[in-house]
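Okay, so here's just one chain, in structure tokens, the form predicted on its own.
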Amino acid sequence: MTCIAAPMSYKGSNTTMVDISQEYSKIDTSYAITAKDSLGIRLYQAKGEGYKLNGDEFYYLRRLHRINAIESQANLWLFTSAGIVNVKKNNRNNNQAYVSPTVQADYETRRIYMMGSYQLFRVANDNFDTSKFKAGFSFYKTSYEETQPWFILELSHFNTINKKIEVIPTLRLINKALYFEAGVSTEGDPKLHLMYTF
């Protein structure tokens, strides 16, 4: 449901992220307590297939492993979130407590990016597990002071909320601590993602 970019930068940094689409929206903010650990809170809403979810959660992010090379970097992350979600479906309207782990792996160079994640998200008899894969390339290398454009193709599936795998061609722009994505799924759903670290 969530992992678009790991909200981890440097010790003492704050990261705020916003996602907006027809089926899923969220806002979250986190604080990096170390170079490997971050704590955050998130508010989100999701809807589809007769369901409507409204939730708030606290999460802990841990960078489990990093491989640095001269021209590339690979990371393995573990998100653990706990919260309350209100689930509406037909005449059902109840609040459920949950704990939800997410594993994410990513690899990037200055020209290539790949990411895969899986979130285990179960409440009562509902399975809202979410899987996501992203891959893409930058159009050209830039310096830190310049805006770098990327093309990213995203595939995602949100169990119960979506019957189909979503395919989302996306334009990504990165400038220093500002990270912006805009795309439209093949079903015509526009999606925006904004991340800022300070």
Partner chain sequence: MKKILYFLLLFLSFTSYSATQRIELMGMVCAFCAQGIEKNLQDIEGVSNVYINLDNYFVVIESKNTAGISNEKIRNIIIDAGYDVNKIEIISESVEDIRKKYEKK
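Numbering follows the first chain given and starts at 1. Remember, predicted model here, so these are calculated numbers, not experimental data.
The same protein also has a form predicted together with the partner chain, omitted here; what follows describes it.
The contact with the partner chain in the model of the complex, taken as any heavy atom within 4.5 Å, belongs to 109 out of 93, 80, 96, 109. The single contact residue among 47, 62, 163, 66, judged by any heavy atom lying within 4.5 Å of the partner chain in the model of the complex, is 66. Relative to the partner chain in the model of the complex, residues 11, 73 and 141 are all within 4.5 Å by at least one heavy atom. None of 125 to 133, 168 to 176, 54 to 62, 152 to 160 except one has non-hydrogen atoms within 4.5 angstroms of the partner chain in the model of the complex; the exception is 168 to 176. The shortest heavy atom separation between residue 41 and the partner chain in the model of the complex exceeds 4.5 Å. When the partner chain is considered in the model of the complex, residue 27 lies well away from it, no heavy atom lying within 4.5 Å. Contacts between stretch 23 to 42 and the partner chain, counted in the model of the complex as any heavy atom lying within 4.5 Å, involve 35 alone.
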